[in-house]
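One chain is shown next in structure tokens, namely the form predicted on its own.
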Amino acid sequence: MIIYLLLALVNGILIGLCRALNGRLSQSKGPFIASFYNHIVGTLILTLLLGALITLSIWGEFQVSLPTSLAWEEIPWFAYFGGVIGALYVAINSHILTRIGALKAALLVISGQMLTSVAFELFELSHSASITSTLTQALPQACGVALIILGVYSSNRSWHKQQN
């Protein structure tokens, strides 16, 4: 279990680094070109990595589970929109990072992720648990998101007052 917690932490560090790098690229090239470069380079690296893993799998050095079929009908059509959302995320984040700063951008992005998670939890729990159990589990999470957003809003107001 600890390995998954560490991987999640490393993933968060990589996302923070990615935001900073894309924000810098966005300053020079614009948010959509930065997003384009980000995804082209990512596609090339993942293609090379997948090729290396398949090669190691063929030699018996590594186990890669490849799909047995490429049947498109097995996957719901909306599942493919993750890539579109990911591309928009990178472009929007590259654009806002240079305008509101890394900390506020990160806090608001995380708040949006938490709100989405709370909504999914509520939806899932509403089908399997009582309403009391659902609210008991979701209320602290929603309060945490509200506090983060309130803190960002408050710091933004005090910063504007100091500037005037």
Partner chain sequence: MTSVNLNLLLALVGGALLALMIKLNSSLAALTTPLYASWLAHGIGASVALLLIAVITTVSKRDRPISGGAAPKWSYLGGIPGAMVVILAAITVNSELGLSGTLVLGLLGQVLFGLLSDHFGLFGVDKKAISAHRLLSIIPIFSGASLIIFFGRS
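Please read these numbers as outputs of a predicted model, since none were measured by experiment. Residue numbers count along the first chain shown, from 1. The term rigid core refers to the maximal set of C-alpha atoms that superpose within 1.5 Å between the two forms.
There is another form of this protein, the form predicted in complex with its partner chain, and it is not shown here; the text below is about that form.
- Its partner chain is not shown here, and in the predicted complex it never comes within 4.5 Å of any heavy atom of Leu56.
- Residues of 83-102 placing a heavy atom within 4.5 Å of its partner chain in the predicted complex, in sequence order: Gly83, Val84, Ile85, Gly86, Ala87, Leu88, Tyr89, Ile92, His95, Ile96, Leu97, Thr98, Arg99, Ile100, Gly101, Ala102.
- In the core-superposed comparison between this form and the one not shown, Ile149 has its Cα shifted by at least 2 Å.
- Once both forms are fitted on their core, the CA shift for Leu17 between this form and the one not shown remains under 2 Å.
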